[in-house]
Ligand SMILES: CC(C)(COP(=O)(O)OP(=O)(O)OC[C@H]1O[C@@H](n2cnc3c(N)ncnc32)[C@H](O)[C@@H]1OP(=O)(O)O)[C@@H](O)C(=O)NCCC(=O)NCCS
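The chain below stands alone, shown as structure tokens; this is the form predicted alone.
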């Protein structure tokens, strides 16, 4: 079930991101695996604005999450993490679809994100889900700023790209997702 994250779950979201990052060791990206997840305070900023969605298991325990914010007049996916024990079950795709429903209800045209170009569960995965790579000259100020900031913190050691997916207008009003 997808729902808004609760404040008492924020530390669990950190654990999901840390566990999900371990797979980066398999492709020599130990620095990514070792990277500290967002703090509870940083996660709380998304949660209080309604921009933290979780996929909860049958016991209502989060096993995946997505952070979403407004950026350049679009919905920007800041983070998508799935605990390895629940990977490869479509949870990330379902969370992205929920983000798209929210974006549609808000009248936004695009979902955007930044990701690693050559990591199989990053850009190639998002391409399969309908995202397209943006040329650097197509970036609006906010997205350009994120890419530049990622470079400053060392993420540019591995090729990074910005991507977007058009928000489809096929969703009914009843299917919209509230982030409040």
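Computed from a prediction, not measured in an experiment: that's the story for all the values here. Residue numbers count along the first chain shown, from 1.
This protein has a second form, the form predicted in complex with the named molecule, left out of what is shown; the following refers to that one.
The contact residue chosen from 20, 162, 13, 167 relative to the named molecule in the model of the complex is 20, the criterion being a non-hydrogen atom within 4.5 angstroms. The listed set 120, 61, 138, 31 contains one residue whose heavy atoms approach the named molecule in the model of the complex to within 4.5 Å, identified as 120. The shortest heavy atom separation between residue 99 and the named molecule in the model of the complex exceeds 4.5 Å. For the chain shown alone, residue 87 is a contact residue for the named molecule in the model of the complex, at least one non-hydrogen atom being within 4.5 angstroms. The shortest heavy atom separation between residue 47 and the named molecule in the model of the complex exceeds 4.5 Å. Heavy atoms of residue 131 never reach within 4.5 Å of the named molecule in the model of the complex, leaving it off the interface. The partner is not drawn, yet in the model of the complex one stretch among 35-43, 138-146, 66-74, 22-30 has residues with heavy atoms inside 4.5 Å of the named molecule: 22-30. In the model of the complex, 80, 81, 82 are the residues of 60-82 with at least one heavy atom within 4.5 Å of the named molecule, listed from first to last.
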